[in-house]
Ligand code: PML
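In structure tokens, the next block holds one chain alone, the form predicted on its own.
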Amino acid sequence: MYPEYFSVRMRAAEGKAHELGGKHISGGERLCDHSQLGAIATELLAKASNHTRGSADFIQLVVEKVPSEQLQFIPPLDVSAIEVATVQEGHDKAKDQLAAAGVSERAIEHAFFILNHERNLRGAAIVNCETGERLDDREQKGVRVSRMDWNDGGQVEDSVRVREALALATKVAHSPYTVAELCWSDDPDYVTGYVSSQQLGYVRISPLKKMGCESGGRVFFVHNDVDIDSYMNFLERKPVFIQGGDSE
């Protein structure tokens, strides 16, 4: 008999709920068994209540049972890092990595435009890797990758932030439709971002933005033949455990 697992999801906004125009403050995703529910719920509520983007006055916590027989176990992406002196150098390195993964210049420039100008993108934008067209119709809501966690409780030798990002990037890269991902945080105090793909691994690049800047988010580059509904269903609904591994 399979053990019971639960998806625990948090989102927080300032002013009002996200769908009513509130400013996105924080989000979080965990998978756990019943014995961990209380501790993880407390952890996510603390994350929502202490964030540099602002003071949340709307916090939503959702707990949902996950069919254990649907769980998939995958290895984490390999991790590497690039340190540069300026944001422009960081952007240049990220663009080189994306081009190496097979993303066109047009698509790269559109992705950078999205992340440089968006200050309330709650989920990811999905962009055609050749044409640069945005394929999801979610606008600021974007596509929220959900139902993933570390099978060993996240025992990776790095920060909670990196563990969470690496788990998400690993799930995204595992889809055959994904070509690459570009991400930097909308947290004004965090300037490191990454490029990832099955081919490249998880490449941390710092800096990718200036300190104090609240723009940021994620862009997923996909193949021309993407089945967009199937792709978004995998990202949002498929439960995935990452099978341990060490980050650098």
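Each residue number is its position in the shown sequence, starting from 1. The model shown is predicted, which means the values in this text are computed figures rather than measured ones.
Here the subject shifts to the form predicted in complex with pimelic acid (PML), a form of this protein not shown in this document.
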Contact residue in the predicted bound form, from Met148, Val127, Ala165, Val172 (heavy atom within 4.5 Å of pimelic acid (PML))
Ala165
Please identify the residue among Ala56, Leu31, Cys183, Val222 with any heavy atom within 4.5 Å of pimelic acid (PML) in the predicted bound form.
Cys183
When you measure heavy atoms, are Arg161, Thr192 and Arg218 every one within 4.5 angstroms of pimelic acid (PML) in the predicted bound form?
yes
Give a yes/no on whether Asp187 approaches pimelic acid (PML) to within 4.5 Å in the predicted bound form, heavy atoms considered.
yes
Check each residue of 200 to 223 against pimelic acid (PML) in the predicted bound form and list those with a heavy atom within 4.5 Å, in sequence order.
Tyr202, Arg204, Arg218
